[in-house]
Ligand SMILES: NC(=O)c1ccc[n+]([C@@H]2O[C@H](COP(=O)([O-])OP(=O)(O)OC[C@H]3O[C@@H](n4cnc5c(N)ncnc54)[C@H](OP(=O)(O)O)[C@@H]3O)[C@@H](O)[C@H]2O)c1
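Consider the single chain below, provided in structure tokens and representing the form predicted on its own.
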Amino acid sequence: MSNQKQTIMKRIGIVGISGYSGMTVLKILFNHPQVRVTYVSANNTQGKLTDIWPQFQGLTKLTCSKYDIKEALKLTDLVFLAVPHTVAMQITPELLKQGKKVIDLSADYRLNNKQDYKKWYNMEHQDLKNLKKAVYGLPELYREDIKKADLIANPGCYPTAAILSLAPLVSLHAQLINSIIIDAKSGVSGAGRKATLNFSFCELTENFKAYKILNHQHTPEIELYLKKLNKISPIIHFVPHLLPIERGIFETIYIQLKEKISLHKIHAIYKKFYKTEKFVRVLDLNQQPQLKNVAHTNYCDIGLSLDQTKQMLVITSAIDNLVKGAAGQAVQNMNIMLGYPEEEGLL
């Protein structure tokens, strides 16, 4: 019986294992009963995986080497690409051509057209065929498309929290919205594992700052997928900040309303919209999200407040940027693609 189960287990590859997202995918999959990681690679870090990530001592004998397409094709059924932006589009076409499923955690396939990609990532897109075919991997909105997909564009961390926070209102009552301001804050791991002065301990500790104000590359992603929900979706003003903590994203979203609506009605809309979703928790009206409640989980917590006199709705949301904002959501997508229970390995 055990041998039979072994033969049907899916073989998983992780390209970019030396980064935080790749490592988190691996950590989650160690607890997944229906898959096994058979291939890992990183172009700038080679050797025993346990030398790269010592916390996995005793759990794996995998060795990390530079990306080799022949090895990846031979050893995998599905591949996670936890690589820098602009790299995935060079790897993906051959993997798809040879029948592999791909989940890209970078931004290479999130935007629908080459003009937007060039504007925000300063490079011509090299895989326009698959850019049009990629499915946006936000399960709460695109589950049925994900089931049939071979290529998933895993959402960005900021957009995950923002779109989940806004989707019920934009889908059903976009006509009520006058303007949206997203005040977003992220832990340092969202910037990746690279060593730079700006992300060193002494620069970050006891500090707090905004960056890429009104010009962050996640802005068009948020606008694009809200517009898909409702063509009259309003303009988004997005301002990100860097928190001096390891992980977590907290967003405070200010929505100026055109008409009066009760907080209880808004809350009922959100509760109904996410009634069957395992990983979105709409909190009671007297509660607010906290980063500590979502850290190391795949949950998105949402809180609602309303000043009815001034017609100002405030939505707060919290996720773990490495889990629901990256690796956890990627595994959630994998489960849907492969027909496994959606929460497998994540609860």
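Note that residue numbering follows the sequence shown and begins at 1. In this text, all values refer to a predicted model and were calculated from it rather than measured experimentally.
The form predicted together with the named molecule exists for this protein as well; it is not shown, and the discussion that follows is about that form.
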{"query": "Full three-residue contact with the named molecule in the predicted complex, heavy atom 4.5 Å, for Pro168, Asn335 and Tyr340", "finding": "no"}
{"query": "4.5 angstroms heavy atom contact with the named molecule in the predicted complex for Gly190", "finding": "yes"}
{"query": "4.5 Å heavy atom contact, Lys271 and the named molecule in the predicted complex", "finding": "no"}
{"query": "Partner contact for Ala318 in the predicted complex: the named molecule, 4.5 angstroms, heavy atom", "finding": "no"}
{"query": "Any non-hydrogen atom of Ala326 within 4.5 angstroms of the named molecule in the predicted complex", "finding": "yes"}
{"query": "Sole residue of Ile236, Met89, Val83, Ile266 within 4.5 Å of the named molecule in the predicted complex, by heavy atom", "finding": "Val83"}
{"query": "The named molecule: the contacting residue among Lys258, Lys275, Lys194, Lys133 in the predicted complex [heavy atom, 4.5 Å]", "finding": "Lys194"}
{"query": "Heavy atom contact within 4.5 Å of the named molecule in the predicted complex, the stretch among 237-245, 144-152, 122-130, 106-114", "finding": "106-114"}
{"query": "Partner contacts for 41-71, taking the named molecule in the predicted complex and a 4.5 Å heavy atom cut-off", "finding": "Ala42, Asn43, Asn44, Thr45, Tyr67"}
